[in-house]
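Single chain ahead, written as structure tokens, the form predicted alone.
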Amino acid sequence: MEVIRAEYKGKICTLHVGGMKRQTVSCGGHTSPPFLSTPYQRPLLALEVYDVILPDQNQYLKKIWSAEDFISRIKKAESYSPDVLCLRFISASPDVNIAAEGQPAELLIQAKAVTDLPLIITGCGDNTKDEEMLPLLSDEMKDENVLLGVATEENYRMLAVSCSVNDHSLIAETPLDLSLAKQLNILIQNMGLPVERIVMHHATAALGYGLEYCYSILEKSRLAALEGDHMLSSVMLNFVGQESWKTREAQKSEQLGINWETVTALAYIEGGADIIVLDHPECLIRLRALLDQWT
């Protein structure tokens, strides 16, 4: 039976992460919605490692990660063979009163020596602190083509310049609004970073906690790009793990939490996400098995 496929005039940008002494992975490059192009470039699956474990972090994630120091956690995460490692320097937040084992730049030097996986490097979520810290981490990883984040309308200038100078890509985060996402992409491009090196993060929600609306924004963003809107053609990323393990359901049962994170991730993959950041290794294993069957 002949499969009839719609043809689009637009194309999603192709993003490369890694290089130099680091493994290189790619995502994006689609000319149709998810799973409808041949061949289909499957999304990248990243596993997230925090520099400190917070007291209020989900008990089941603590059980997996908290017994190790930061470098040991990185080695453990690497053992599950994610496509990318996401290193989150949460201890820089003024709301966190836990000291890391060293300054972020010191920890990053140690981290890059123990893994050759492509890296996503993110800050603490405080715009002021991230604007101070992330350019230093960007300098430390010069020419290693990491994905740096997160840039917002408040702090994008310094981060865009730093990524441009050091040959990195940048995560751009906006609320769930296509106009705001497009505007931030334009502002970042005006700072010298091309749209091909911008990764859009439409603020993620977990299953049952706003997923439907977030999914609709991802889908509209992807369709707009395929119809020819180049400023919305950036690769898209979702921090699925962070949101899924905060839910009431994930607090009750580890198995329910794994299911919650897995289903949330699948929804965003269907919506057009190109990079999925996970917190539980079992979710990574499940998703990889599913995607290997489908792609």
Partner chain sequence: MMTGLQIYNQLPKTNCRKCGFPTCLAFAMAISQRRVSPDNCPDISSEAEKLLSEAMRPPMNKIKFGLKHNEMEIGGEEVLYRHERTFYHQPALALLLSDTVSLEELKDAIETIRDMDFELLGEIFKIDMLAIKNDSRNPDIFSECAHLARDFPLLLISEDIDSVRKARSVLKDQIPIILGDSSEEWIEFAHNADSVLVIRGSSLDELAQKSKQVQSHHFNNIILYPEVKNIKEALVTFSSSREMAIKSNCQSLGFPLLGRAGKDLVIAAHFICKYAGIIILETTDYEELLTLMTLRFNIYSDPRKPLMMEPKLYEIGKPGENSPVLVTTNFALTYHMVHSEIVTSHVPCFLLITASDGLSVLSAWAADKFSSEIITKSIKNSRIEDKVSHRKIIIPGCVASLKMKLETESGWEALIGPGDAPMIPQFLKAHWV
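Treat the numbers as computed from the prediction; the structure is a model and nothing was measured. Positions refer to the first chain, counted from 1.
Below, we refer to the form predicted in complex with the partner chain, which is not included among the displayed structures.
**Q** Just one of 44-52, 23-31, 262-270, 228-236 has heavy atoms within 4.5 Å of the partner chain in the predicted complex; which?
**A** One stretch meets the cut-off, namely 262-270.
**Q** Any chance S72, T128 and E196 all have a heavy atom within 4.5 Å of the partner chain in the predicted complex?
**A** Not one of the three qualifies.
**Q** Is it the case that E212, even though its partner is missing from this view, gets within 4.5 Å of the partner chain in the predicted complex, heavy atoms only?
**A** Judged by the heavy-atom cut-off of 4.5 Å, E212 is in contact with the partner chain in the predicted complex.
**Q** Contact between D143 and the partner chain in the predicted complex at 4.5 Å, heavy atoms?
**A** Contact check for D143: no, nothing within 4.5 Å of the partner chain in the predicted complex.
**Q** How about E78: is it within 4.5 Å of the partner chain in the predicted complex, going by heavy atoms?
**A** Although the partner chain is absent here, E78 would stay clear of it in the predicted complex, with no heavy atoms inside 4.5 Å.
**Q** With the partner left out of view, is E132 within 4.5 angstroms of the partner chain in the predicted complex by any non-hydrogen atom?
**A** So E132 does not count as contacting the partner chain.
**Q** Work out which of D177, E106, D95, D139 lies within 4.5 Å of the partner chain in the predicted complex, going by heavy atoms.
**A** It is D95.
**Q** Can you pick the one in Q189, S216, Q183, S164 that has a heavy atom within 4.5 Å of the partner chain in the predicted complex?
**A** Exactly one residue meets the criterion: S216.
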